[in-house]
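Take a look at this single chain, the form predicted alone, given in structure tokens.
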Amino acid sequence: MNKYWNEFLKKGKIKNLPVIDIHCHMGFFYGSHMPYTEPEKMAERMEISGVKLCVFAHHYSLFDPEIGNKIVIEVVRRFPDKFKGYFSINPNYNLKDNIENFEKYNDVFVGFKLLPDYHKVPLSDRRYKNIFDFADEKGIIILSHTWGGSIYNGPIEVEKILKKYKKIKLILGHSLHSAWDKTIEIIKNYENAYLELCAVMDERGVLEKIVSEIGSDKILFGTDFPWFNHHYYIGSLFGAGLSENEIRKILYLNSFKLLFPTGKGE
């Protein structure tokens, strides 16, 4: 049992162990009740659980980027120490305009967010080409929803992108959930691919298997907050039998290096 357990159980967070959540959302989502969807409430919950920074896409921007991405700008400008934003992409919109807007707000956006399953457009579809070309040229982060059995963002589509684009930093949201052996193979084969942990914890032993196969350097902490609870995910990580060094990398250091490659974070 690592030394973090007792402090976490007593206080709900670790004083000298910051957390970066690389996969968050914000705002109302139809048909669902989430009590902490606005930035003020989210910031309060982050303080309680020791989360230093959330990188998020607003729910509105998943369907209408013009509306949702504007809200992201407003929130990050109000809470620059708590939030950074993803520029969400709907491939049915004009992506040239999206690139211009992304560059205009480089203090707000750290990368792009893609949801191929939701938009029913495969990752390799030509409608994403401008985004991938731009991100590859600049070495920009892309967080894409992925899932093991998906024809839109499953292993086949992910590998098409990784074979072609070598400089993007592609974060596999949900770690190609359920296709665990293929997930491990992809991380071994592609230097610019990273895993994100949201939904991984719903299967016992999977995190331990992944770490034993590939180590902890390319695993990023993410929860889909406010859909899921930070305490649950942090506690699951503490209970996975990992070393303190592995935990620190996953909770903070790996994401920090991606977000702030110069070493100067906010």
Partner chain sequence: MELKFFDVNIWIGKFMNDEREISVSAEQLISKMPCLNIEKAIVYHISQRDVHPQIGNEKLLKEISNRAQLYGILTILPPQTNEVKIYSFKQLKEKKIVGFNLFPKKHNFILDEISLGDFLSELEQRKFPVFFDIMSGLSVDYRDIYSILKNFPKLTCILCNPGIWNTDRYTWPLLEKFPNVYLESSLLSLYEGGIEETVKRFGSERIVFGSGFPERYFESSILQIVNSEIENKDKEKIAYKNIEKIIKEIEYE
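From a predicted model like this one, the values you see are computed outputs, not experimental measurements. Numbering follows the first chain given and starts at 1.
Absent from the display: the form predicted together with the partner chain. The rest refers to it.
Location of the partner chain contact in the predicted bound form, chosen stretch of 52-60, 230-238, 211-219, 66-74 [non-hydrogen atom, 4.5 Å]: Stretch 230-238 is the one.
Considering only heavy atoms, tell me if residue 202 and the partner chain come within 4.5 Å of each other in the predicted bound form. Yes, contact at 4.5 Å.
Can residue 11 be called a contact residue for the partner chain in the predicted bound form at 4.5 Å between heavy atoms? Flag for residue 11 set to yes.
Check whether residue 260 has any heavy atom within 4.5 Å of a heavy atom of the partner chain in the predicted bound form, and answer yes or no. Residue 260 lies outside the contact set for the partner chain.
Although the partner chain is absent from this view, report whether residue 27 comes within 4.5 Å of it in the predicted bound form, heavy atoms only. Output for residue 27 is no: heavy atoms all beyond 4.5 Å of the partner chain.
Would you say all of 86, 104 and 253 touch the partner chain in the predicted bound form, counting a heavy atom within 4.5 Å as a touch? No, none of the three is in contact.
Looking at the partner chain in the predicted bound form, which residues in 4-43 have at least one heavy atom within 4.5 Å of it? Those in contact are 5, 8, 9, 11, 12, 29, 30, 31, 32, 33, 35, 36, 41.
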